[in-house]
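Shown next as structure tokens: one chain only, the form predicted on its own.
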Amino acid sequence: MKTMTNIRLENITKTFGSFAVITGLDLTIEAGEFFTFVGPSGCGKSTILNLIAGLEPATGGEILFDGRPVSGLTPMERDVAMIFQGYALYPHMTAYENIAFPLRMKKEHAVRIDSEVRRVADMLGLGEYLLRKPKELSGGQRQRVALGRAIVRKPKLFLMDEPLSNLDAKLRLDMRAELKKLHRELGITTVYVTHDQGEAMGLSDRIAVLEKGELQQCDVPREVYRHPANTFVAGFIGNPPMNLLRAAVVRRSPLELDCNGTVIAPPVDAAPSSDEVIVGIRPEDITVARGPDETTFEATVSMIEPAGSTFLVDALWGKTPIRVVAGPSEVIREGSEVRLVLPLERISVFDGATGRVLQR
């Protein structure tokens, strides 16, 4: 297997005419890492993948593989393998022929081609499907063939553009597990693009959250989830997303806030730049009060939605909508009044002017 590749993006910009798709992107993807770009449609994720692959030239900045600039090199010269949303299989070829194709292009010996194809097919559970053409395969099997065709090349780098979005929910979960297992076994640097934050959180060593071509946060999934850098990340990462509530600054040091009529003192050291902040709290961190607590508030339950082992509860705190994840043991009814606990240690506070988190 070839050595793993480190990727450095230095002040990358990409414009199409007067429209800037990527603006000043600066980050490093470590060798052997499973790294994911995540964000809403149109944020520039696929464009970044095309720039790394060499399918598009950057307008400005530099891309380096292991410290060496790759500008001007073709995808083949960069030694990358791309896996697309639409599989891109040859319909007239069998699964065997599709997987073998990169080796045939390199004019490898027939015995080695056969050995490698069967090795990769066994790894992906495709052994009994090798003589079938793509139309005779399920979506999951086709995606495995596309993976096999990439793996057999033994590239320096895997680039995956929404590879699971055409699969149904169960197959997506199955394929996520397969991808994670393969990455562990092969150790090849993998750059993944998705709009599905569940995929990003479940697969990645680190994730980069993008919005309108700008990097919002880059960190390990747990840190991005627990400590979002700004209100965009807070609202995008998490299902259901973080509750974001406006609050007035009562005192700056130590910080005291009036959040919907309830005065709270979250453990935050930095002072906001304006008289208004945004309080963020994950729905699963809000609990139903079981006894006296000074950080409780009254809310009216408007809707309850079963979600497997939990319930999604929509409530009104005065006129402010708030969402709570309740456990199966909670006795909550639509239209009822509940007293909810706001755990101060779990609260994120964002500056009202900039949207950036205030550091603890």
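Numbers for residues come from their place in the sequence shown, where the first is 1. Computed from a predicted structure; not experimentally measured.
The form predicted together with a small molecule is left out here; the points below concern that form.
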Considering non-hydrogen atoms and a 4.5 Å limit, does the small molecule approach V21 in the predicted bound form? yes
Is I63 close enough to the small molecule in the predicted bound form to count, meaning some heavy atom within 4.5 Å? no
Using a 4.5 Å heavy atom cut-off, state whether Q85 contacts the small molecule in the predicted bound form. yes
Does the small molecule come within 4.5 Å of any heavy atom of S309 in the predicted bound form? no
Can you say which of 46-54, 311-319, 325-333, 26-34 gets within 4.5 Å of the small molecule in the predicted bound form, counting heavy atoms only? 46-54
From E162, D205, E97, E211: within 4.5 Å of the small molecule in the predicted bound form by heavy atoms is E162
Select from the listed residues R132, H195, R246, H227 the one whose heavy atoms reach within 4.5 Å of the small molecule in the predicted bound form. H195
